[in-house]
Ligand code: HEC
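A lone chain, given as structure tokens: the form predicted on its own.
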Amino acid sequence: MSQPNEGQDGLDYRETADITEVHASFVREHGEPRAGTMPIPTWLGVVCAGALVWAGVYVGVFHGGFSPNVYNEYESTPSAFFPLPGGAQETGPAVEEPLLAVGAKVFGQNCVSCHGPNGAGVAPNPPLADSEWVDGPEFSEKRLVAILLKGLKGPVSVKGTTYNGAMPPWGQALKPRQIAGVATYIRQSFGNKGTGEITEAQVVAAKKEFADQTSEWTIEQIKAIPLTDKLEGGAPAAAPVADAKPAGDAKLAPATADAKPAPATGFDLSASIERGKGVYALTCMACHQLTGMGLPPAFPPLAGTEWVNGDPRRLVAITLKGIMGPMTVDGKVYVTGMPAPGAAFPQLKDDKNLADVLNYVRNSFGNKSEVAITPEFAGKVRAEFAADAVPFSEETLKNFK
């Protein structure tokens, strides 16, 4: 028989009748809580959902290829969600980044720690500059791409010195276009005189051909690849330029009155500078940065330098033909060199774009020049150095007349 103070569970809590009655009134007003059924507040659900959407967009935009071995934000397109600073936007169809530019970025992110910013090698790793495997008797496009894709182990002789390290394979960490870009870049940098491009199609063909190679190559295996073997998908050979002469050895013609910017009557310098901002974002910003301060020790600044603020004819020539070997900028030596922007970036093959980006550079980052570079002037300098086959050296540029 129940006792007067027993609860529903049959236990006597020694409650008086009045307490029990009060408790019963609360029970009537509020149901007993049940574990696992309490919903979160609506506002908190909305906040969590918004955070998930933002995280998804961020990862989707800045995915970097989802590679566990390399961070490369250039594989994504952040400008779709995050416009370029200063209103610089791509207009019209997207322009594919030139292979040389792709290669410079890949080299700076993945190769510079072992091979150095000047390609001279960082012990115990071999040099790429003047290496017979990159630009000499042991080179073939197929051999070079094979090494980049699958790596290299064991001893290898480079320029008479034996190196016994290991180069990791990059075929999984990098996309075919990145492999093609870095192969093209090292062939045309550090004083190497390789010409043409190693194409993405060639890298794709090599990946299929070497799919069964599951470990790093030995140098004996690389030597077994005949120098005459070709990879499918190569770019057509460029037509030779008549009477081409190396720019580094050229005696520069003294500037005539026409080789200096003429007074820009009717030329809108302000509009040119504004247009140049967008061209700069597409062609120069990756190396020289939004601030124009560069990325030491690889890429020099454009802010306040004698090369930007000096002779405009020389600046146009540099932008067209590039620079090879070490160069001193603001008292610091930069050894990476610069592949010819005028050849690497399709935008700069237009004299108007070329003039606009140089006007922007000469009037930004603290630079100030009232001397306008017009498309006509840029075209004259382009024609003047059309036959020069290789980039300028610092010595040649210092003797510019």
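Because the structure is predicted, anything quoted here is derived from the model rather than measured. Don't overthink the numbering: it's just position in the shown sequence, from 1.
Same protein, other form: the form predicted together with heme C (HEC), not shown, and the subject of what follows.
Participant: Does residue 123 reach heme C (HEC) in the predicted bound form, with heavy atoms at most 4.5 Å apart?
Facilitator: Outside the cut-off, so no.
Participant: Residue 300 versus heme C (HEC), in the predicted bound form: is there a non-hydrogen atom within 4.5 Å?
Facilitator: Yes, residue 300 is a contact residue.
Participant: Check residue 180 for me: does it contact heme C (HEC) in the predicted bound form (non-hydrogen atoms, 4.5 angstroms)?
Facilitator: Judged by the heavy-atom cut-off of 4.5 Å, residue 180 is well away from heme C (HEC) in the predicted bound form.
Participant: In the predicted bound form, does residue 188 have a heavy atom within 4.5 Å of heme C (HEC)?
Facilitator: Close contact is absent here: in the predicted bound form, residue 188 is far from heme C (HEC), nothing within 4.5 Å, heavy atoms only.
Participant: Considering 176, 310, 233, 325, which brings a non-hydrogen atom within 4.5 Å of heme C (HEC) in the predicted bound form?
Facilitator: Only one listed residue qualifies here, and that residue is 325.
Participant: Only one of 272, 199, 118, 110 comes within 4.5 Å of heme C (HEC) in the predicted bound form by heavy atoms, so just point that one out.
Facilitator: Answer to the contact question: 110.
Participant: Out of 125-162, which residues reach within 4.5 Å of heme C (HEC) in the predicted bound form, heavy atoms considered?
Facilitator: Counting only heavy atoms within 4.5 Å of heme C (HEC) in the predicted bound form, the contacting residues of 125-162 are 125, 126, 127, 128, 131, 133, 134, 144, 147, 148, 152, 153, 154, 156, 158.
Participant: If the CA atoms of residue 160 and residue 298 move by 3 Å or more in the predicted bound form, do they move toward each other or away, so closer or farther than here?
Facilitator: It is farther: the C-alpha separation of residue 160 and residue 298 rises by at least 3 Å in the predicted bound form.
Participant: Do residue 336 and residue 191 have their C-alpha atoms closer or farther apart in the predicted bound form than here, with the shift being 3 angstroms or more?
Facilitator: They are farther apart; the C-alpha distance rises by 3 Å or more in the predicted bound form.
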